[in-house]
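Below, in structure tokens: the form predicted alone, a single chain.
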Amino acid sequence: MKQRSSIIGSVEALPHRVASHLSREIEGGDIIPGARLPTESQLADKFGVSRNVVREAIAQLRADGMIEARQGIGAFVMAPEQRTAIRIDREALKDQRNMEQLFELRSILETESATLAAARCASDDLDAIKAALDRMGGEERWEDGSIEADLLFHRAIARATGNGYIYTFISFVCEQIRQSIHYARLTNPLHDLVEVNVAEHVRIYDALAAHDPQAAGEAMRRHIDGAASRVGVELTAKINRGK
């Protein structure tokens, strides 16, 4: 008898589990672009779930732009360059290599974001960034509220660039790294982590307030390197090895 995937029994929503599994098969090349997905019945049998669960999973993949449903024919895998949405599977971020790649992306985006923001930010932009920084170093610094303030700080910088696309992409990436901040707080001495993290953000803010693009970009780059190292990703060393 064919063995079914171990989807049943998970506390996580079944449609999400099925969609994540299929997503990993697509990203890993097990299901190639242009290929038709197995039928609902075949997928239900493979994962040991109902056809309703499969339908919801397929709908999620379609919303993520990974597949295209063709009436009366089936669902087909879209090539990466054809996709109309960006999605990062959070399950995939448990793989160290994928986390490294996410931090590389973050470094590229946020370093340039800080550089542009330093040149373009207005007084109200600086007020918003400072308000987030004050929350990070205030009474909430030991609580989860400081994580939201941290992400708000980065989104406020992106908004200060005046480029809506930069803001959209960085806001998206911020949500993907939320769990990495939780992980860093669990695996590092909290007092030391908070002090170092706040100090890094202060240096970024000071450079922005001084309207110094080079200093702001460098301060952000150093912060991203530090954030990466706190979850076991040595980003700078990896970049140097690639040269």
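Take the two forms, superpose them, and find the largest set of C-alpha atoms that agree within 1.5 Å; that set is the rigid core. For every residue, the number given is its place in the sequence shown, counted from 1. The structure displayed is predicted, hence computed values, not measured ones.
Unshown form predicted in complex with the DNA; subsequent notes refer to it.
Using a 4.5 Å heavy atom cutoff, none of 147, 176 and 226 lies near the DNA in the model of the complex. Listed stretches are 206 to 214, 50 to 58, 27 to 35, 193 to 201; the contact stretch with the DNA in the model of the complex is 50 to 58, by a heavy atom cutoff of 4.5 Å.
Exactly one listed residue, out of 138, 74, 162, 80, brings a non-hydrogen atom to within 4.5 Å of the DNA in the model of the complex: 74. Among heavy atoms of residue 63, none comes within 4.5 Å of the DNA in the model of the complex. Taking the partner from elsewhere, residue 14 is found to have a heavy atom lying within 4.5 Å of the DNA in the model of the complex. The shortest heavy atom separation between residue 218 and the DNA in the model of the complex exceeds 4.5 Å. Core-aligned CA deviation for residue 55 between this form and the one not shown: 2 Å or greater. Relative to the superposed rigid core, residue 208 undergoes a CA displacement smaller than 2 Å between this form and the one not shown. Comparing the forms between this form and the one not shown, the C-alpha position of residue 162 differs by less than 2 angstroms, with the core used for superposition.
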